[in-house]
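Listed next as structure tokens is one chain, alone, in the form predicted alone.
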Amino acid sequence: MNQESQQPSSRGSATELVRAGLKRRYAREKRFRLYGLTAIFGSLAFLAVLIISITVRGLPAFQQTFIQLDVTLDAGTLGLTDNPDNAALLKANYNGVIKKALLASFPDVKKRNDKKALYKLMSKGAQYDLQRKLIADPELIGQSKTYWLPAGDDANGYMKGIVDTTLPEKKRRFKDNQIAWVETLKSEKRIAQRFNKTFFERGDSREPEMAGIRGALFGSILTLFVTLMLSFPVAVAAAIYLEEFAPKNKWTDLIEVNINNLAAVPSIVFGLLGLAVFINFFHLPRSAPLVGGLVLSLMTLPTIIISSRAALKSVPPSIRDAALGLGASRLQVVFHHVLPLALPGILTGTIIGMAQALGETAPLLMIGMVAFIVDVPTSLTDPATVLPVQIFQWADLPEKGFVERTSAAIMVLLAFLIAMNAFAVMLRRKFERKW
């Protein structure tokens, strides 16, 4: 009787132990999931704060302040004679007619210092706008026209609320008389904010209101074009050979180890290599998209090779065996069957490598692509800069106008990176085959 009575109690205690163990295991799993969710939401929160801060700072750069002026294009003030040629029109005194138009709008301004403060309401780029208009239509000489011309950086900052008017006048660049003139223009509806086309139409400038990203944008496009044309075929060919044709021995193992090591080398090392080889030895032009593309192609080769090998390795061996069993050669098996199936992964790795190259700055600084470039490059050997380097240069400038342009350029760069990654996902979904 004692043995029979002890058996149910021992079974009950064992069941309770199992249940207690399961309860502890489930509790650990719940805690682990909670830790994972906390990490994910924390990362998303930091990312949201970063994007919001950049957006808040960068959005004002897409608006530019313009002032309406009644400009008299007097030949005497411009310093032109009858039937001037383009050379004379380029050298004309456009700044003089703008100053006359400002004084005509504020006839009470008489003192020399007040005149200087009044002239600072206008951007230095206003004279170049008049220059382009007059070159396009020389018949405007002698006529009076009403134009909306860009305001200076300080007036632009005041209109956007960047200028702190609570500070004493001595601590502000934008003085009280300038504020009064802007308020007068506002009451007369002769000052307004419009979309800043200059930001997308012009290259770099020392004046914030005249600075744009067009030169850097074209430099990035040309540099990435060279990078893609060089790195993609070489990397895919190397991956195909190593994965499909190369014998498995110590030499191929050494090559694989070095490829993996190159993927972890700091990018500035590739810049030093480009400086020593492409510029000092081959004497290629400094600050050119050609050299930048060569350097970035060296940097992206390991990334594309590794991703391409992984894509080729993911193709089932049965496809190779079936093709070989039907009499196909090794070359036909690779190019007719394996490569098409691995293409989505190869393209995805390539685009990710290009996105990495788009955001690189350090290797391009070493080859001189940090130069001050105003003109838009038209060939692979023209002096150029790229968008990340342009951001780096603007972030180091003290003017407040460059702060918002730096954030706006970061927004454009992030938009390109997001578009490239979305394109990679789209290609994968379109060409992916399931078996």
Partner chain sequence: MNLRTIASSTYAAIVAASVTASLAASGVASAQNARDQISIVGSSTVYPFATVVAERFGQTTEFKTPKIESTGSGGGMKLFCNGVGVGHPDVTNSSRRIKQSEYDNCQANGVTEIIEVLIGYDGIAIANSSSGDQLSLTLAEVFLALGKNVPNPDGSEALIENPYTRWNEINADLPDAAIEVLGPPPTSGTRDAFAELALEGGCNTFDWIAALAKSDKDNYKEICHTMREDGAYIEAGENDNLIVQKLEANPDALGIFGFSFLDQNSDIVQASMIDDVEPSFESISDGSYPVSRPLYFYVKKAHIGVIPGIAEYLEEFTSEAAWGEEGYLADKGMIPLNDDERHTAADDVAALKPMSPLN
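Residue numbers count along the first chain shown, from 1. Just so you know, these numbers come straight off a predicted model, no measurement behind them.
The same protein also has a form predicted together with its partner chain, omitted here; what follows describes it.
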item	value
Sole residue of P138, P340, G79, G96 within 4.5 Å of its partner chain in the predicted bound form, by heavy atom	P340
Listed residue (I352, L324, A310, L90) with a non-hydrogen atom within 4.5 angstroms of its partner chain in the predicted bound form	L90
Segment assignment from 189-197, 165-173, 315-323, 215-223: heavy atom within 4.5 Å of its partner chain in the predicted bound form	165-173
4.5 angstroms heavy atom contact with its partner chain in the predicted bound form for K124	yes
Any non-hydrogen atom of A408 within 4.5 angstroms of its partner chain in the predicted bound form	no
Its partner chain contact at K116 in the predicted bound form, heavy atom, 4.5 Å	yes
4.5 Å heavy atom contact, W251 and its partner chain in the predicted bound form	no
Non-hydrogen atom within 4.5 angstroms of its partner chain in the predicted bound form for each of S205, V370 and P398	yes
Interface residues of 286-318 toward its partner chain, as seen in the predicted bound form [heavy atoms, 4.5 Å]	R286, S287, L290
